[in-house]
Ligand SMILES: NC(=O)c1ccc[n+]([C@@H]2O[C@H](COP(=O)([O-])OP(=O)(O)OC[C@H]3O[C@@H](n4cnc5c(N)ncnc54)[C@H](OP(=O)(O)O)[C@@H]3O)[C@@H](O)[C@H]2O)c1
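Here's a solo chain for you in structure tokens, the form predicted on its own.
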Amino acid sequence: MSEQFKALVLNQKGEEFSREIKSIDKSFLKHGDVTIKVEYSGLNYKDALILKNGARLVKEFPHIPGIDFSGVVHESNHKNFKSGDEIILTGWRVGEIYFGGYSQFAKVNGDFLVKKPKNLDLRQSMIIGTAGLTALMCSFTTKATREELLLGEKVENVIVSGASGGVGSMAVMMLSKLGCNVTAVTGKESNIDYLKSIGAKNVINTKELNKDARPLDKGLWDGAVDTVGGKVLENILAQTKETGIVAACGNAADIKLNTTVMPFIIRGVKLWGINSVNASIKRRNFLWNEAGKLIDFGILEKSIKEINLDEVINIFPKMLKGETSGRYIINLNK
């Protein structure tokens, strides 16, 4: 392990908030029992919020952000991991209350780690990352929960909002691979061809759903994945058919939901909240092993931007303004 290595460090003194690429040593890392050489991390919407001002999620400064990463175990005092193991970390509030992946070395609780499946490499696992794990949870909830757990009818026609984003685009691909007819919702006309290339049968503009919703509308969808909230989610609920499941995982448009009980008590629609942060290790292992079967990396690569740690500082404000699309991954060796 190098004596000195690079990390992005946040600090706050009074009203002054700073973000800086610094050279640190292992004594700076203060959490956990497994030290990892980080290969890749991701730039997620939550990362962008934390990079802006801590987002009231960071409790102590200085702080290293980065809510997901993949890498190789360097040292371990945890029974389940040894030097050389390839691992994935997402969630568990790493990058928020614990130091995260925007560092060439990270030290975390081994209970937070998943061993990388053999059908993925470290770069691919971070192309998937938190966004992909969330998309996996949404996709299996929308389709498999109704078909297998609730023994309901086949899920055929589904809608995915925020389809140009990291979670939405992967949910489009996954649901298509699971045999669904996917309608993708996006505000970016320039992404229509790309969304069709990753499996969308139809693409509609966000404006069509960004209106006051009726208590019940014509039933169009057997299920849905919503990443934006607000009026879009209200309309999706009103348009969901009987016993459909709407998996909700985002609030990019609005945290408020102005709806009625009608979809729930007349059609038996289920609004299923998705939180990948605290998903069990057993569930994570299942989902990560399924991931490689549901992702066509050759196609997905077209929407992946690989950047270095220095570039993060310039890109995160664009993400907060909705000026980015696809997924950004950070190469810690770049």
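Values in this document were obtained by computation on a predicted structure and should not be read as measured data. Numbers follow the displayed sequence, beginning with 1.
Missing here is the form predicted together with the ligand; even so, the following discussion is about that form.
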Only hit among I266, V277, I281, A55 for heavy atom within 4.5 Å of the ligand in the predicted bound form is V277
Option touching the ligand, based on a heavy atom within 4.5 Å in the predicted bound form, out of M126, A106, A163, L89: A163
Should G250 be classed as touching the ligand in the predicted bound form when contacts are defined as heavy atoms within 4.5 Å? yes
Test of understanding: in the predicted bound form, would T134 fall inside 4.5 Å of the ligand by heavy atoms? yes
Decide whether G230 counts as a contact residue for the ligand in the predicted bound form under a heavy atom distance cut-off of 4.5 Å. no
With the partner left out of view, is T206 within 4.5 angstroms of the ligand in the predicted bound form by any non-hydrogen atom? yes
Segment assignment from 286-294, 40-48, 303-311, 24-32: heavy atom within 4.5 Å of the ligand in the predicted bound form: 40-48
Under the 4.5 Å heavy atom criterion, name the residues of 299-325 that approach the ligand in the predicted bound form, in sequence order. M319, G322, T324
